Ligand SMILES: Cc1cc2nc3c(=O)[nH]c(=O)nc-3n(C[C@H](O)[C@H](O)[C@H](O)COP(=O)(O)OP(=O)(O)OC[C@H]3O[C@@H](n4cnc5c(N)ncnc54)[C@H](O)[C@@H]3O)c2cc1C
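Here we start with a single chain on its own, the form predicted on its own, put down as structure tokens.
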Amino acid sequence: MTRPRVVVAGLGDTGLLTARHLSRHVDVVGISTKAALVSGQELGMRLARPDEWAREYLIGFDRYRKLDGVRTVQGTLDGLSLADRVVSVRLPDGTSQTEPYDVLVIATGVTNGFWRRPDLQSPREVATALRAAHEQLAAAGSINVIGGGAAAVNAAANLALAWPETRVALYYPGDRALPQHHPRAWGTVSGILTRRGVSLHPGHRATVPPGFELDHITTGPVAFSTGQPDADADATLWAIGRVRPNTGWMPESLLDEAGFVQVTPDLAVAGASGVFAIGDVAATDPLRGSARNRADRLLADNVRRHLSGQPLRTYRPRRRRWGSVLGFQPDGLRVFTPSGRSFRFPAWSIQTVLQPWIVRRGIYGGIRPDDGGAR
């Protein structure tokens, strides 16, 4: 008996986990512009400690034990036919192919700055880009970080930790940063930033240079529409949350006004039978939080329920962001709850318990050691 075929469009963190849950039950085809997982997590660690970041967040698909039964295709999605139930993919050599599906899972994410882009890249090209950004910031005597979300705060904290002699300043438009977290979280994090010497500048809304795509680290002064004097620095990191969903390959009828995929409460795509969406690309709630609330397991279950004709389960989003803000630090990993309180994994537990057992084995189902090849 032929097993159903599920195409997972996008193999970032959420798409990969969804494919991992489905691989035992259906035939899975995963499509990715990268030849490895290139996580969008931990911007500050990526910039300040790229080798450490790559060890945890740049991992070849062949190293994931639960992807052994998944056929991966590197390419760019350039079309979806709902009538024929196929997606079209442009391969790295410029040719195209189609992939039929019984169920399609859309997990193509968003474009956000230079660290989350849909470009075709090999692991070597990713590593080269990592090193270039790191070296530019390492050479800077002063760094401006623009933005008030978790990525900006994470970057400012980790850059200040890596280079304590460098002047690091954080500019954000509101009274506080981390506006999508509980205020208690900012109370804790702002104290850490201050102790590391990061200068905090609330009420500063930066003027984005005309035509600037936020795709590189800039030099020179930053202007503010809120009336403050320009802020000069050797390097400016833009993390202002101007995300664009990677949905240009999809029919507009499936998208909302901002280009995100319209979904029903069970993560099914409205008006498209057998199509689901998850992660930052899915318009689940104002925070688009299904990528951060482990909805991958629920979605995989709903795919199987759809195939067997059973009722689907409902995804219930959280009203505030939660989780780690600063990432791995010398004293361990601090995790914030939705109420803004936090608990900490001590430093000794990170590489002895948390990463090898909870993350690599528990969440991802086992990751093989790096053989020295494509991570």
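Bear in mind the structure is a predicted one, so any value in this text is a computation, not a measurement. Start at 1 with the first residue shown and count on from there.
The protein also exists as the form predicted in complex with the named molecule; that form is not presented, and the subsequent description refers to it.
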- Contact assignment for the named molecule in the model of the complex, among G323, P317, G340, G332, heavy atom within 4.5 Å: G323
- Assert contact residue (the named molecule, in the model of the complex, non-hydrogen atom within 4.5 Å, options N302, N144, T108, N158) equals T108
- Using a 4.5 Å heavy atom cut-off, indicate which stretch of 185-193, 254-262, 209-217, 275-283 touches the named molecule in the model of the complex. 275-283
- Is the gap between H134 and the named molecule in the model of the complex 4.5 Å or less for some heavy atom pair? no
- Task: Check whether R117 has any heavy atom within 4.5 Å of a heavy atom of the named molecule in the model of the complex, and answer yes or no.
- Result: yes
- the named molecule contact at I31 in the model of the complex, heavy atom, 4.5 Å: yes
- Does the 4.5 Å heavy atom contact test between R71 and the named molecule in the model of the complex come out positive? no
- Query: Is the named molecule close enough to G148, T236 and A239 in the model of the complex that each of the three has a heavy atom within 4.5 Å of it?
  - Reply: no
- Task: Select from 70-85 the residues with a non-hydrogen atom within 4.5 Å of the named molecule in the model of the complex and write them out in sequence order.
- Result: G75, T76, L77
